[in-house]
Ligand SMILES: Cc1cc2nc3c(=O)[nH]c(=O)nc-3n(C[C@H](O)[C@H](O)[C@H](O)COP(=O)(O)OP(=O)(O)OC[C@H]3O[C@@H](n4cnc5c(N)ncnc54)[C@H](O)[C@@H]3O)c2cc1C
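Quick setup: one chain, the form predicted on its own, written in structure tokens, and binding and motion questions come after.
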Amino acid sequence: MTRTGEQYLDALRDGREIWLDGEPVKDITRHRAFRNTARSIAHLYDLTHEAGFAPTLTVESGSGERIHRAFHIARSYEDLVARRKAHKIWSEATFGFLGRSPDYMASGLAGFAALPEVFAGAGFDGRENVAAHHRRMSTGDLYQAFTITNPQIDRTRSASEQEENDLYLRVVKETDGGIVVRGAKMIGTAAAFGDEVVVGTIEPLAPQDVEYALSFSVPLDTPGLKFVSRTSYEASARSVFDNPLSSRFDENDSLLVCDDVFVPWERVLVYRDVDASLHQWWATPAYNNFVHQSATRFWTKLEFLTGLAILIAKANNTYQLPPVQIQIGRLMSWVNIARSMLIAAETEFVPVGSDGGVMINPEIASAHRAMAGDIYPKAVAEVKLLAGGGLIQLPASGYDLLHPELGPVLAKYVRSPGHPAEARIKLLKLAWDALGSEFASRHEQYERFYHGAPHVYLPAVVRDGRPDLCEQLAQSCLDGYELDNSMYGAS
């Protein structure tokens, strides 16, 4: 059975080592930088127990237990649609602003379990560990965090050629009971809120980087494991009224540092295998499952931005103006592009392995990476244009409305037809948090690089696509005529 939000919060009080502003965080469920976001995640777990959502969010496992649908291995087109509907419920609950909610990596684990033979390396066979890991996480309804990117130190050198041999995470010792690892990984988005963290490498490694070719999952309270947090937008939020998004949905990002962390063998998924460390993401459905969740969330986020634009236009009494309708139409077209790509990726699903598994279309999933990073900044810019100077001329705090002297002043000057001061300020505070705050700036950068840098994902669109079909069509046109003296169609 899925767990409740309170059970999730209780699990976070395990002594994990989180650092912020040079100080350790003793309890993230109470700390001002994490507590509200932790409760927003807890709310997602509570939704799985509500009668209106439980049938969509959960499914019966092979052992007869109810598990979150994201953990379920898709066997049909109907399974893909059902998973998307579950993703949509959670995306709408966070307005698309929790990019690494628990269903993200849960779907990745389902991808691992769908093709376990990828983990059968020449020197280490991780198939049983993968199956046991998927079973433990799904039946326990645990939040799987992950860090799978090497630090940005010297990208011109391979892992083993760095200035120091533990800048990237590597094995430093092997024992009968497991391995000892040392080094760092980034970017641990929402990692501080997880139950366990998968550590691996999604980037290709050179043959000589075998000591860095591994993946494993350990609980966040594992000795020697520490997370160094970035600036917290939640901590700097003045109130939910003034910062309605950053005060509740700041999933945080952190640097993972492993200081001689012991990893038992049963928690190792890939070991000293350059090919398997890469293929666990790309040869299984894991990455395409990621895109399935993120595409659903991105569609929802565009819906939110478009709805915000409509509310702003109506508050400004400009909604019916033709130029504004053009802008709203442009935003709605992007919403439907995102939605259509997602539905198309499901409709044109592809089989996985030989046991009936399926995943969304990799070609469309790859193209979605390029589309989302390109459209999001444009959508933000459109809403900013609609809002105009109203985003800037806002009182420092909504509490100014309650001041005996300032309140009447704001009521007189910060209003529009049908929108008194409090309603208008509330709307524009939400808009600023989504569009212009530091939280918003992070989200724009986040969406641009959500699936990597353009120099990585654009060549992948070519690799995953069918450029030969485009080339053949153009070539067929060339082959259809010759240089001669007659007019086309003349006898």
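All values reported here derive from a predicted model rather than from experimental measurement. The numbering used is simple: start at 1 and walk along the sequence shown.
The following text describes the form predicted together with this ligand, which does not appear among the structures shown.
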property	result
Proximity to this ligand in the predicted bound form, single hit among 79, 253, 303, 242 (heavy atom within 4.5 Å)	253
The unique member of 452, 55, 465, 436 whose heavy atoms fall within 4.5 Å of this ligand in the predicted bound form	452
4.5 Å heavy atom contact, residue 61 and this ligand in the predicted bound form	no
Touches this ligand in the predicted bound form: residue 149 (any heavy atom, 4.5 Å)	yes
Contact test in the predicted bound form: residue 108 vs this ligand, heavy atoms, 4.5 Å	no
Contact flag, residue 187 vs this ligand in the predicted bound form, heavy atom cut 4.5 Å	yes
Among 63-71, 443-451, 418-426, 37-45, the region lying within 4.5 Å of this ligand in the predicted bound form by heavy atom distance	443-451
Contact set, 82-100 vs this ligand in the predicted bound form - heavy atom within 4.5 angstroms	100
